[in-house]
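First, one chain by itself in C-alpha cells, the form predicted alone.
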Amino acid sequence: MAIREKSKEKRNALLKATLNLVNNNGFHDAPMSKIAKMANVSPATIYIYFENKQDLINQLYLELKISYTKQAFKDYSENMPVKKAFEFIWYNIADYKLKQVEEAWFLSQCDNTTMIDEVSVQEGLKHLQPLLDLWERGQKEGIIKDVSPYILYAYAINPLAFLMNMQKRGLYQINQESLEQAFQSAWDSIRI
C-alpha cells in the first residue's frame, strides 16, 4: 500500500511541477529535466508515469479540465430555467477561476495555443456537455442566439478568462460589482 501512495505522490508532484513551469515559463521552456528537478525526482522517473512531454501536458490538461467542469456544474440542475442555469454555471466558472488561479491560467493558455493534442481537446470538450446542452435548449426555446457553441463560448466564457488574466497580472481588480457587470455582458452577448 505504501508503494502505491508513493507512486501517486510522485505523479502529482510531476503534474504540479509541470503546471508551475508552464505557467511561469511557457510550454517550450518547461523541459523534462526542469520538471523532474522541481518534482524532486530523476528525469527517468517521469517516463514511468508519462510516455513523453506531450502525454504529461495532455494528462495535466484533462485532469484540470475535469476539475474545472466539476466546479462549473456543481449543484446544477437541467430543470433550471435557461437564464438561471446559465447564470449558475457562469458564476461557478468565475468562482473556479478566482480560487484556482494557477489551474485556470494553465487552462486559459491551453485554450489559446496548440500545445494540447486534438484527441485531448475533444475529450476535454465532452466535459462541457451540460453547458452545450443548456445552450441548445436555449436555442430551441428561442432564448439564446442560434450560432455555433464555439461562438457562444467565445463571447460568454472567454471574456471571464481575460478578466481573470488581467487580475493575475495586476492590471484589473475583480469585485462583486465588476463580476455582476461581466455576467450581464456575457448574458447579453448570447441572448436573443
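A residue's number is simply how far along the shown sequence it sits, counting from 1. The term rigid core refers to the maximal set of C-alpha atoms that superpose within 1.5 Å between the two forms. Just so it is clear, the model here is predicted, and its values are computed rather than measured.
We do not show the form predicted together with a further copy of the same chain, though everything after this point is about it.
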Contact of E102 with a further copy of the same chain in the predicted complex (heavy atom, 4.5 Å): no
In the predicted complex, does A182 have a heavy atom within 4.5 Å of a further copy of the same chain? yes
Is F73 a contact residue for a further copy of the same chain in the predicted complex, using a 4.5 Å heavy atom cut-off? no
Find out whether any non-hydrogen atom of C110 is located within 4.5 angstroms of a further copy of the same chain in the predicted complex, and reply yes or no. yes
Quick one: name the residues from 26 to 40 with any non-hydrogen atom within 4.5 angstroms of a further copy of the same chain in the predicted complex. G26, F27, H28
Core superposed first: is there a CA shift of 2 Å or greater at L125 between this form and the one not shown? no
Does D146 move its CA by 2 angstroms or more between this form and the one not shown when the core is aligned? yes
